[in-house]
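One chain comes next, on its own, written as structure tokens: the form predicted on its own.
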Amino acid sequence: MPDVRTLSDGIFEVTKGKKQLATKNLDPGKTVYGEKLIPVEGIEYRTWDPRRSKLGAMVLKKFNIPLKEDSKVLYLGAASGTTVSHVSDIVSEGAVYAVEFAPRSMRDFIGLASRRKNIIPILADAGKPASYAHIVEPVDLIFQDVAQPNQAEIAARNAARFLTKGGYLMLSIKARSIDTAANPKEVFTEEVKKLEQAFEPRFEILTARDLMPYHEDHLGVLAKLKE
């Protein structure tokens, strides 16, 4: 019998031969990206690959994950839905507003969203939150994983419109998307400083850690709106 340990609300470590990150499958019997399904005492768990998910990597890097069963989430950079599907599992009674700019990725993503009633797919540019303001309600968490140079500014724009008082921001800062030639550590320092000082609203940085060995030249950040 596999052993299951709770790491955080809705996030588990399942040991079956080896330890694997997992979430409870909201769409039993179905996989999203070829992950394994592990039944344990009538519950089906989906393994969560941290090498294909920045949020999964953040879990293993010991970030506090501020998600609950009824959380409302704005996910910027949904791609084809690998990580969004795990967020959907975690916030089973909540909602995930998932923004993606690329039509091809969105076509793949639509199929996933059609089977999961808590995912609202939005084809839009994350840098233009006004274009989807009529769809998105106030959220408890913004998770951002976008390959654009103005990542801190995009986060601040969306937080100003959608993040509730006391809400959280999690983002994966991609150094090579900001400056291909600069030292990644210098890029990370500058982007974190922007989150703290450059825009309104401003953020208090709670955790900032590189995502190696899962993702090269990426910094994971957990921040909270300043009171």
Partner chain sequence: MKINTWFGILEIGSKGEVLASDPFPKNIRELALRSLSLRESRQNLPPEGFDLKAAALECKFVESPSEYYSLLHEVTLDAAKIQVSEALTPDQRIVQAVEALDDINETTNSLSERLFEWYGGYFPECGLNGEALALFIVKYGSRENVVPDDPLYLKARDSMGAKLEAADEALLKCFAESVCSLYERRKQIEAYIESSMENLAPNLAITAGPMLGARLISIAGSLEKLAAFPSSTIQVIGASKALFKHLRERAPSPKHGVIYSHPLINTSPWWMRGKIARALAAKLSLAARIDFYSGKRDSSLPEKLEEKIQKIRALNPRPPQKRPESGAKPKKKRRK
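Residue numbers count along the first chain shown, from 1. Nothing here was measured: the structure is a model prediction, and the numbers come from that model.
Unshown form predicted together with the partner chain; subsequent notes refer to it.
- A single residue from the set 154, 91, 76, 106 has any heavy atom within 4.5 angstroms of the partner chain in the model of the complex; that residue is 106.
- This chain is displayed without the partner chain, yet in the model of the complex the stretch 176-184 from 38-46, 55-63, 176-184, 25-33 comes within 4.5 Å of it by heavy atoms.
- For the candidate spot formed by 1, 21 and 51, no residue has a non-hydrogen atom within 4.5 angstroms of the partner chain in the model of the complex.
- Not displayed here, the partner chain is approached by residue 135 to within 4.5 Å at the level of heavy atoms in the model of the complex.
- Proximity of residue 146 to the partner chain in the model of the complex: non-hydrogen atoms within 4.5 Å are absent; the residue sits far from the partner.
- For residue 202, no non-hydrogen atom is located within 4.5 Å of the partner chain in the model of the complex, even though that partner is not displayed.
- Contact between residue 68 and the partner chain in the model of the complex is not found at the 4.5 Å heavy atom cutoff.
- Of the residues in 107-123, those that come within 4.5 Å of the partner chain in the model of the complex through at least one heavy atom are, in sequence order, 107, 110, 113, 114, 116, 117, 119, 120, 121, 123.
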